[in-house]
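To begin, one chain is listed below as structure tokens, in the form predicted alone.
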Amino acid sequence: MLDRRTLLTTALSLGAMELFPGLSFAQARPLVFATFTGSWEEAHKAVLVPAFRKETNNAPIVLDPMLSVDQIAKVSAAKANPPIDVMLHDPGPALTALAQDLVEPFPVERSAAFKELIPDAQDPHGPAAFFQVVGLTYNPDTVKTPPTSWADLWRPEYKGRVGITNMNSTLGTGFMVEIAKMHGGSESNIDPAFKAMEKLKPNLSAVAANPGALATLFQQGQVDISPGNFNAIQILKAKGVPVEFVAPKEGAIAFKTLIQIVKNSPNRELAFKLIEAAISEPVQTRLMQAPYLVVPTNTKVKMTGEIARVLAKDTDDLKKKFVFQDWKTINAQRPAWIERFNREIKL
């Protein structure tokens, strides 16, 4: 069965082919950007897409939200004619995409915005468009004493009220690595985390498929406390959902998210322009503001408001405060860990 986005993409492509008979289907289709689910799709639809259309004379674009592992699977299955033009990846999947030769080098020499990025974000395979920060999220109406540690998720008063994501998401994998570290493990050994998860099962209410689904559980009142993305929680707050974010004493997890042109994309020029918009000062300034509160990588964007108050005053402050994990090491065993998690962590 064709989904709504596939039908929309097909309709736009056929329309272009009718207007320009010389175009192939691949050449005629709109730009397809595989953003993330939930708050990321909302933010990109509201801010990035209008900026892109303004710079491209209203070029057609389709957002196809999915996890990075699904993006890689889709592109790997059709390398010669990829169904996606621009991918969005956290550090682990970005390394996988490079290893599988799925990424087109970013034309740095043509970019006006690339040189404005912090050095850590200037990746020639695709710049980092933003940082993500993962900490503890909770409902202040039901959790009267704010949590201070990842270990608080195991407290008996949260029986049946804890939510987590599976390890397909960077949030889920990063969380498991930090739990492993608390119990003597590391980025290369998360056996202690799996043992700890067995003890967490009485407290678990849900294992969400992705961070967006986890955020929805707060809206529905199904969970009271969980690991969660800072910006996803801010969007929920803007909608009136009672939820707060706190960095655990062990340190919140931070990671950069890269935006990459897919190799063999028929829309490389439009893909470049989308990425150029994503890393530009105007787009990152707007995304940093409420309700999105996305942590910027462009040096011309000054961190203000809730980001400056809760997270960091600038990127140097961010790097001092938060935990940056070794994703090259994590990636070596991640597929096996995902398989084990899906097998063992069931409700």
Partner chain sequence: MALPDVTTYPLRLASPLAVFFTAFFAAPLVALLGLSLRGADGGYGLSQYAAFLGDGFSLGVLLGTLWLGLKVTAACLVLGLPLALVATRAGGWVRGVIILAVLTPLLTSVVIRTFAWIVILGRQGVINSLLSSLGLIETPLRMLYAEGGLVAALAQVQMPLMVLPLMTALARIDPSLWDASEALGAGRWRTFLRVTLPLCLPGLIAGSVLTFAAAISGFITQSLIGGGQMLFMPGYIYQQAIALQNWPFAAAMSVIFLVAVLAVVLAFNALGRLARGYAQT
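Everything numeric here is computed off the predicted structure, so don't read it as measured data. Positions refer to the first chain, counted from 1.
Below, we refer to the form predicted together with its partner chain, which is not included among the displayed structures.
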### Query
Is every one of A208, A213 and L217 within 4.5 Å of its partner chain in the predicted complex, counting heavy atoms?
yes
### Message
So its partner chain isn't shown here. In the predicted complex, which residue out of A193, A252, I72, L236 has a non-hydrogen atom within 4.5 Å of it?
### Response
I72
### Task
Name the stretch: of 267 to 275, 222 to 230, 175 to 183, 126 to 134, exactly one has residues whose heavy atoms fall within 4.5 Å of its partner chain in the predicted complex.
222 to 230
### Query
Heavy atom to heavy atom, is L67 within 4.5 Å of its partner chain in the predicted complex?
yes
### N168 within 4.5 Å of its partner chain in the predicted complex, heavy atoms
yes
### Message
I'd like to check something about I338: if you look in the predicted complex, is any of its heavy atoms closer than or equal to 4.5 Å to a heavy atom of its partner chain?
### Response
yes
### Query
Is R161 one of the residues lying within 4.5 Å of its partner chain in the predicted complex, judged by heavy atom distances?
yes
